[in-house]
Each structure stands twice: as structure tokens, then as C-alpha cells.
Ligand code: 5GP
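Next up is one chain by itself, shown in C-alpha cells, the form predicted alone.
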């Protein structure tokens, strides 16, 4: 790893243009890791640009540098040009290029040297250099590892870097509660706080930035859409496009919703199904040693981590719910 970082450092120092990419529907870890790396490269006087597939949630727009992000869906020609001209591309928080949606063709076609930093299950074959660690708490954890290895004894974390990276640590560990929250993660959090992060500031931006309508939407979901399978200690929410239109749900508006049923004492698994155009997006959460990623992968082409995973169904919402109930009978989630 040390030699790989040294070789990469030499390559980065001599590169003219770097593009930092992440997955579709970017979350806190995706944006936090991308901007954290962006600020670090900027500190090294390296030209870099973050390009994301589509819009990211408003509650992440307070992060320094977010205004400079190029959104492929909004400016595809500019994004394609940047990717085409890049000498080096970082892929952050995804291990398959199809996770970049409409950006995939541009990334696949690029002759740039490709570096992957990710923590999801999988064995990617496309990057030239893979710095991923499956099972790490977040990509932000690994970006901080990269910055530390790259800098050696000369590491100088700015508050901009620290706030971005801390955001990814916070969000991908579920506010430091998921099983991947190791002692190392807390040490890194302390390091970031020492670099200038005010933890309550990040927490309030991420968790306490609801508007009235979004809070009412969450209330509607819990009161009207929550279903509980008591014998299995499983809860799920099935949301139609109409439900989300009724409350004018914007990008990122359902973030954290899947965690709400987990607040019930005897619920060990929570599942969120969201109807979209031609598909149903699914989120899975579990407590303790229940590996919900196995279920997501087996039945819904998904994956992720032991306590947090995602998946997809290309059937309508009603049929997806029917399938889910059938699969839960077949599969012992314990």
C-alpha cells in the first residue's frame, strides 16, 4: 500500500486534470468524500473537479465547495468534456461504474488513470488502482487514510477537509451507531474535531434541517404507511409516487426515513420501498448481527453492509411488496 500511494503521489503531482466522481443519488458519504478529497488536492495545488451524476440533497449544500460541483444531469456536455479531458479519475463510494448512471459511458470510455476508493462488497476489475477496503465504515474513513498516507508526517487538515470528511463518517455510520463504527472511526472523528469541526454544527445541518412539510411527510409515512410483521420483528414502508408528490418530496427528502421504524424496541429490521419511474428503490436496515445485505443481494440485486443495504425491483410497488412478503417467508433473517 505504501508503494502504491508513493506511485500515485508521483502520478498526481504530474497530472494536469483530475475528476472526482461518485455514485447516482449522492449521499453524505459520497459528497463528503468527494469534497474532502477535492479540498486536499486543491491544497496540493492540483487542479480537480467533482462531477456527480444527479442532484444531491439540500442539507449537504452547506459544505464548502458544494457550489462548484458539476451535476451531469444539469450540464452533461460540460461533465462529459471534463471526464474526457481528465488525466486521472477518482471513483469514490461505488465499485461498479453502472452506479454512476448516465455518466457510466463517459467514465468507461475515458483513457484516464482510474483510482477507486470504496467500502462496499465486490471485486471491481475496472480501476487501475484499487484502494478500497470492504467493511470500512465509510469512504470518508478511507479518504482520510489516503490523505494521511499521502501526506506522511506533514498532514495538515484544513477545516474544509475536516467538515466534509466528518459529514461522511456521521451519515454512513448512522450517527456513529452502526456496527462498522470501530474505535478507529472515533479516533478519526476526534482528529477531525481537532482540525476545526464543531460536531453539533454538522449534526444540525444533517439531522435538524427539516422544513415543516418534510416533517409532516415523515409523520404521514409512520402513521399511514408503516406495516409491522410482529412475528418476524420486521417493519416496512411502501411509498408511492403519489405519496411523495403529495408532500412535494425533493432530492434527499426520504433520507433517514428507513431508520424511523428502528426506534421501535422489538423491531430488528426496517425496509423502505420507494416507487420511481419503472422501478422501486429499496433501503434496508438491521440491528446487531443481522446481515441484511445478504437478503438485499439475494432477492433485490442489491448489497451494501451488514446493517445497511440497498436494492431495486423493476416491478410495480404492489408486486414488489408481494414479492417482499414472499421472500421474507423463504429467507430466515436472523
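Positions refer to the first chain, counted from 1. Everything quoted here is computed from the prediction, not taken from an experiment.
Here the subject shifts to the form predicted in complex with the named molecule, a form of this protein not shown in this document.
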In the predicted complex, does residue 273 come within 4.5 Å of the named molecule, counting heavy atoms only? no
Give a yes or no for residue 281: in the predicted complex, does one of its heavy atoms lie within 4.5 Å of a heavy atom belonging to the named molecule? yes
Does residue 302 reach the named molecule in the predicted complex, with heavy atoms at most 4.5 Å apart? yes
Within 4.5 Å, heavy atoms only: does residue 48 come near the named molecule in the predicted complex? no
In terms of non-hydrogen atoms within 4.5 angstroms, which of the given stretches 261-269, 40-48, 302-310, 61-69 touches the named molecule in the predicted complex? 302-310
Quick one: from 214, 99, 114, 80, grab the residue that has a heavy atom within 4.5 Å of the named molecule in the predicted complex. 99
Could you run down 9-45 and flag each residue that has a heavy atom within 4.5 Å of the named molecule in the predicted complex? 23
